[in-house]
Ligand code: BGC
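Just the one chain here, laid out as C-alpha cells, in the form predicted on its own.
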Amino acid sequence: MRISRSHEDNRTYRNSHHRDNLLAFPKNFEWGAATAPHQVEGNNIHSDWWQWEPGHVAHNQTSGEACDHYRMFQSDFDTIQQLNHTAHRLGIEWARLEPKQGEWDQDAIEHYHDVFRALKKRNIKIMLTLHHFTNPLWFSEQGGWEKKKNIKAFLRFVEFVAQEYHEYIDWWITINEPMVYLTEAYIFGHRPPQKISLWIAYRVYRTMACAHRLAYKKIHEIDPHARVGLAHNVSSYHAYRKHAFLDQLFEMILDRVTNHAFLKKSGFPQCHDFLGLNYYFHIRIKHVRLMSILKNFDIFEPVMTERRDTSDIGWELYPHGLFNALMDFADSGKPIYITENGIATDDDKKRQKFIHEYITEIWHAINGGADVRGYFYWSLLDNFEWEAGFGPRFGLVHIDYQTQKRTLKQSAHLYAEICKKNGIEAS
C-alpha cells in the first residue's frame, strides 16, 4: 500500500512552505538525533566488540565507559527535550539483555523500561534499533550471521523485546546498515570477526535479509500497528565521463548493488513500513577501464586530489548527494526517515554549516516529491566511533571523556532553532 500525505496536506504545505524567509517543513515532521548503545552506554562486557577491541582500535583505545549514557540517560534526555527534539533514535543492546544464551538479565530488562519511560515522560517519540553492529559474544562464537540457523536466536530476541516494550516504541529498526556490517567485517576486514571472504559475505547478506523479513512479521504479530523498517546506508555516485558507456554502466551497477539490492532482498516494499536512510558518502568515478577493474580497481577519484571539503575523517561533504539519494527513492511508495546524517569535526562552525546545507537539501527533496517524514542527526553525543576510537567527534554535545561532562555545542543550539521553527532560514 502506498503511504503518502493527503492532497490537502500537500496543498497546505506548498502554500505556506516559504514565508518570512523560512523554509518550512511539513506539519508533524520529526526532528531528532541518534545514538547506538555500544557507542554511548559503556561497559558492554558481554558483546563481541568488547572482546575484540583490545589491540584493534586506534590509539589502543577501548570503549570502556564510553559516554556513560547507561547511567546518565536521564540528564541526556533532559538535553534533547531542551533542544526541542520531537523524536530520538536509540538502540537496545542484545548482549545486555541476553548475556548468556537463553538467560535474560532482569536488571537490564528493567533498565530499558526506565529508559523508554523517561523518553515518553518528556513526550519524545522512540525509534528503536534492535541490531547496531554488535552481537552477544555467545552468538558470534556460534557463527553469528554467517549461519542461517542462527536467525532463530535473533528472532527469539526480537520477540522478547517486542513483547516487553512494544507499548513505548513508535518505529522499529530491525538492523542498522547491514551492508556496512558485512563489508567492514567480511570484505575489508576492519571489524570483527575479520574474515575476508566474498562467499561468507554473501552468506551474511542472505542471512541478514532473511532475518529482517522474519523480524518484520514477528513484530507485526505482536503489534499489528507497528511501523517496522531498517536503517540502510546509501551513497550518491557521480561518473565524470557522461559520454562513456562503461562509466555510466558502472555507476548504475554500483547504485543497484549498494543502494537497492539489499532492500529488495529484505522484502521491499512488502516487509518495510518506511524507508530508513543513512547518508554520508559521495563517490566520484573518474575512469572505468577493464584492466583497472581486474588489476587494482583504480577507478575512483580521491577527494583530496581535487581538494574537496571533507570531515576530519576524510569523508567528502556533498549536501546535494543527500538530495540525489532522496529523489532516487521518491517513487518508493514509502515514507522516508533520514535515520543518520552527520559530520565528524572539531570545528563546530563547520558542523553548523553542514546542518544548514544538508537540511536545506531535504527541503528541496520534499518539494521535489520525496515523502520525507523525519531527520535524525548523527549523533546526539560525541562517542566511541568503532575502530576509530574516541577521536572523531560527531556529536551535538561535547563529551569530556575524563569527567563525562556534557557541553552543548553551538550547532546544538542551531539545530534546536530548526526543530522549534519546523523549518530552516533560507541562505
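All of these numbers come straight from a predicted model, not from anything done at the bench. The first residue of the shown sequence is 1; numbering continues from there.
Below: the form predicted together with beta-D-glucopyranose, not depicted.
*Asks:* Determine which one of 259 to 267, 318 to 326, 352 to 360, 273 to 281 lies within 4.5 Å of beta-D-glucopyranose in the predicted bound form, judging by heavy atom distances; exactly one does.
*Replies:* Every other range fails; the passing one is 273 to 281.
*Asks:* Does beta-D-glucopyranose come within 4.5 Å of any heavy atom of Y216 in the predicted bound form?
*Replies:* Judged by the heavy-atom cut-off of 4.5 Å, Y216 is well away from beta-D-glucopyranose in the predicted bound form.
*Asks:* So, in the predicted bound form, is F116 in contact with beta-D-glucopyranose at a 4.5 angstroms heavy atom limit?
*Replies:* Heavy-atom contact with beta-D-glucopyranose at 4.5 Å: absent for F116.
*Asks:* Please determine whether S63 contacts beta-D-glucopyranose in the predicted bound form, using a 4.5 Å cut-off between heavy atoms.
*Replies:* So S63 does not count as contacting beta-D-glucopyranose.
*Asks:* Looking in the predicted bound form, any heavy atom of N176 within 4.5 Å of beta-D-glucopyranose?
*Replies:* Within the cut-off, so yes.
*Asks:* Heavy atom within 4.5 Å of beta-D-glucopyranose in the predicted bound form: which of F133, Y186, W94, Y237?
*Replies:* If I apply the 4.5 Å criterion carefully, the residue I get is F133.
*Asks:* Which of F390, W378, W31, W49 has a heavy atom within 4.5 Å of beta-D-glucopyranose in the predicted bound form?
*Replies:* In short, W378.
*Asks:* Hey, which residues along 320 to 345 are within 4.5 angstroms of beta-D-glucopyranose in the predicted bound form, non-hydrogen atoms only?
*Replies:* Counting only heavy atoms within 4.5 Å of beta-D-glucopyranose in the predicted bound form, the single contacting residue of 320 to 345 is E340.
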